[in-house]
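Given as structure tokens, the chain that follows is alone and in the form predicted alone.
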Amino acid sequence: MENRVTKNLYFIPYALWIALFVIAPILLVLYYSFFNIEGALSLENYQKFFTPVYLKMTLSSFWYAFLITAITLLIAYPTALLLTKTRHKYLWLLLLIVPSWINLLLKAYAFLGIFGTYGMANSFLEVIGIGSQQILFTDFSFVFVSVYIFIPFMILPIFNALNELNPTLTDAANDLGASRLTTFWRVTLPLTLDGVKVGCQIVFIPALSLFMLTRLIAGNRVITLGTAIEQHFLVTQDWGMGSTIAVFLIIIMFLFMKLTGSRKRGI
């Protein structure tokens, strides 16, 4: 009885935190979504969201988020696999994670210099004979910088899943005559799929609502739902439409988390 009371007391701060900083903001966003730009109660914002402009923006956000997540996964999985086989794997993992501690804005400004007309990237292209190119303010620069920023967050859960994998399982597959590729597809990948799902969640959800990189790196040539929310709240002052987009963004995020969530396996 006393242990139960103690557990309930420990639960109070957690419940208050969730109520104040998760549930309350969502309810506030939902509340504002029912008011138009004149402040009148209306469903106008929801009707406007299903117009071609916002539907195209939603598809664009999905495409870029999928592209960023896919490229990040293709780079992160082999990297995490290689890390687990190195001698000082935790040191190398730390070195890969350290860049994520740097402020996002500082990294974005650094790439403005790297991809600029007189930056390192164009200097390298001139040396190899290609010549100066317009790299900044393109889809390529946006995806490249986004992948660079999100890679550590994809590597970490995959590394943990691979590191916890029982090596006797892969050894058994090899002893039974399976090739390395077959062992990977039939043993390693299925058993580390939960780490892949967590990594995809960590990357896809923030990538879906990016707005700062679309301005600084893509020069507003890439328009996402995050960009639209920022525009409505800070420029047009249409909080209702911004909240409506945020509501759909939250719904999409919850659906993605549900689809990629880990399922408990029966014993």
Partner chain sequence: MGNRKTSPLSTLFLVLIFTILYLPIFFLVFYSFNSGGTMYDFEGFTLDWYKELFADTRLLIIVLNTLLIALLSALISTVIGVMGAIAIYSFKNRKTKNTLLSLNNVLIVSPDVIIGASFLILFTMAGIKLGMFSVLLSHIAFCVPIVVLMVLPKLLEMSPTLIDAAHDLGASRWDVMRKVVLPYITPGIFAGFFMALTYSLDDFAVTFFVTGNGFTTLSVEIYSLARRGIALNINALSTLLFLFTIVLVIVYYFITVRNKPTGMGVRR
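Computed from a predicted model, the values in this text were never measured in an experiment. Only the largest set of C-alpha atoms that superpose within 1.5 Å between the two forms is called the rigid core. Residue numbers count along the first chain shown, from 1.
Another form exists, predicted in complex with its partner chain; not displayed. Remarks below refer to it.
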query = Looking in the predicted complex, is its partner chain within 4.5 angstroms of a heavy atom from every one of L67, L125 and I223?
reply = no
request  = Work out which of I102, L189, I130, L176 lies within 4.5 Å of its partner chain in the predicted complex, going by heavy atoms.
outcome  = I102
inquiry  = When the contact criterion is heavy atoms within 4.5 Å, does K48 count as touching its partner chain in the predicted complex?
reply    = no
query = Going by a heavy atom distance of 4.5 Å, is F140 a contact of its partner chain in the predicted complex?
reply = no
query = Any of the heavy atoms of I18 lying within 4.5 Å of its partner chain in the predicted complex?
reply = yes
ask   = Is N163 one of the residues lying within 4.5 Å of its partner chain in the predicted complex, judged by heavy atom distances?
value = no
request  = Could you run down 18 to 54 and flag each residue that has a heavy atom within 4.5 Å of its partner chain in the predicted complex?
outcome  = I18, L20, F21, V22, I23, A24, P25, I26, L28, V29, Y31, Y32
ask   = Any CA movement of 2 Å or more for L20 between this form and the one not shown, core superposed?
value = yes
